[in-house]
Every structure is written in structure tokens, then in C-alpha cells.
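Starting off, we have a lone chain in the form predicted on its own, written out as C-alpha cells.
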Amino acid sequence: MRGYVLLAPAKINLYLEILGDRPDGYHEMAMVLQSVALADRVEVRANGAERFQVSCDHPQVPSDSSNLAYRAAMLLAQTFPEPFYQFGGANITIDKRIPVGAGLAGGSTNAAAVLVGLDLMWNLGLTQSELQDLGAQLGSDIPFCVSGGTAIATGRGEQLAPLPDLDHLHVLLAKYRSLSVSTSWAYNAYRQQFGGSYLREGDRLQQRRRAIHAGPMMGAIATRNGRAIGSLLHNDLEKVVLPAPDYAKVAALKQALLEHDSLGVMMSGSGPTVFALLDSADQAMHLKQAIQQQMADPDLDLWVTRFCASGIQLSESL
């Protein structure tokens, strides 16, 4: 094959709890992650040369070695040099549909797509777990983006356990186009303000992980109870992002969504995207129209989408 086209879904958090610090400098996390159907289109096409070239239709996405998709390609080339020399490199083209700087794992899901695409193109035959292990070397969200669906994530986010699919639920995503939140700033601000409450003993961390696995959110997901899931949405990072003066618009956006009927409203990850859960596409469209009229801000982008049960999906062979 000359190449592949893959769909790379975005990710939201239904639950995000910061448990403590890790020796590697990351935070110890407990999260529930969910793929949504809003997806980038990533083309991985053989170029007959020993190099990779990344291009994207969005001006804010870098095309150099800082791009996670490029780094994913280089990681595979370094890990599997013989297939790289046999089959050559690739041109990686990203059709960006996931908003940039939105806390929706747009860069991570592009990297996951490149791992999957090159695995197919080079006939590596890697398992999903092997692809996830490679992705974990580049970023904490990439392992989830490979598999997608609904999952509980612990460690720094790379330790995954699948959960029952929630593809019956719909979501309205809302983000100010000109606004982004630094993930490192959000976590550092949380450490500064709430680090005194971190769990530091290994046994206490294990107890907290077990409690989350057996907790109310897991029960709501097991029964696919949308109303209960919406009532149990939780994100520790809201405690630092929403009160910050620079992100007052995010707090106001969440409040505006809360004034309308939905299953639940929350900021995703470190923001600034805010989402509302709904039972149907019609309800999501009605809410979108209501928010457009209420906020009347040309800088505010809104997307209606739904939960999906998988991560990277093969769209076509080239």
C-alpha cells in the first residue's frame, strides 16, 4: 500500500482527580477518558525517501520536529530501522477538525494515528498494547488515543482499563477560538495551591485507586446511566482555571451552559473547552442554538458530536 487515511478522534475527560506527585515529575492521576466523534483526518503516504514531512491546514500546527505526529514517526523509525530503510518514510498530512489548544488531545491523537498508519504501512504487526507502550514514550494521552472508547486511566494517564461503551450519549463542545490554557501552568498552579493535600504514601494511593475503580462514576458507566454520569462529572483543574482572571470567559461559558437543561456540564482537562452532556443530537443542537443567541460572540466556536467507542480508525487505503 502507498499509504492510509485514518480518523483520529478527540478526547474529553469525564473525571479528573489529581492524587499526588510522582518520582518522574508528573502527577499521579485518576481519570475517566472518553473519545468523541469530532476527529482529525490524518493521511500517512509513502514518499520513497528516508525522511518524514508533516503538513497541516491549520496555521498554528507546527510542521517541524516539535509536532507530536513527526516525533511519533521518528520514534518508529528509530525503533524499527530495518522496515524504515525497506519501506522509506512518509508524508503526513493533517486535516485539522479538532480545535487547537483546546485540551481535547488533538496533537496526541494525530501522533496515535501516525503510529497506527506506519504500523500498517511497514507491516510491523504491532499489537494495540505495543503501540500504546510506544505512544507512552511521547505523551500521556497517546496510549488512550490509540484504543479510545471509554476507559479509566491511572498512573500519569498511560495505565488504561477499558469501560463499557457510552456511544449513546451526545455532547456539545464549546471553546473560545482565541483562548488557550497551558497544561503545565494548570498542573503547576494546582500543585502550588493544593499540593499540601497530595497523597504521599504508596498504600494510601493504592486505596484511593481502588476506591475510584469501585466508586459511583464506575457504577453509572456500568449501567450506562447518562443522568448519573452527568451528575458525577469531576475535574480538579477547574479549581485553578475557572477562578483565574485570565480565564474568566471560561467560567462564564460554563455558567451559561449550566443555565440550560443537560445531563451535566464541565471543563475538559486543563481547558479551555467546556462541554455539556446530552441524550440526543437534537437536544445538543437546540443547546448550541441557545448558547449562540445568548453569548453572541463570534470568537466562540461550538461543535455538536457524540461519544464513540473506538480510537484511531482506518478510513481508506491509498
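What you are looking at is a predicted structure, and each value in this text was computed from that prediction instead of being measured. Quick note: we count residues from 1 along the sequence shown, nothing fancier.
Same protein, other form: the form predicted in complex with a small molecule, not shown, and the subject of what follows.
Q: Taking 4.5 Å between heavy atoms as the contact cutoff, choose which of 159, 147, 183, 91 touches the small molecule in the predicted bound form.
A: After the contact test, the surviving option is 183.
Q: Considering the small molecule in the predicted bound form, which of 46, 61, 251, 290 comes within 4.5 Å of it through any heavy atom?
A: The residue in contact is 61.
Q: Thinking of the small molecule in the predicted bound form, which stretch from 98-106, 159-167, 77-85, 195-203 has heavy atoms inside 4.5 Å of it?
A: Checking each option against the 4.5 Å cut-off leaves 98-106.
Q: Is the small molecule in the predicted bound form close enough to 34, 234 and 305 that every residue in that trio has a heavy atom within 4.5 angstroms of it?
A: Looking in the predicted bound form, the three residues 34, 234 and 305 all stay beyond 4.5 Å of the small molecule (heavy atoms).
Q: Can any non-hydrogen atom of residue 67 be found within 4.5 angstroms of the small molecule in the predicted bound form?
A: Residue 67: yes, in contact with the small molecule in the predicted bound form.
Q: Within a 4.5 Å heavy atom cut-off, is residue 270 in contact with the small molecule in the predicted bound form?
A: Contact with the small molecule, yes.
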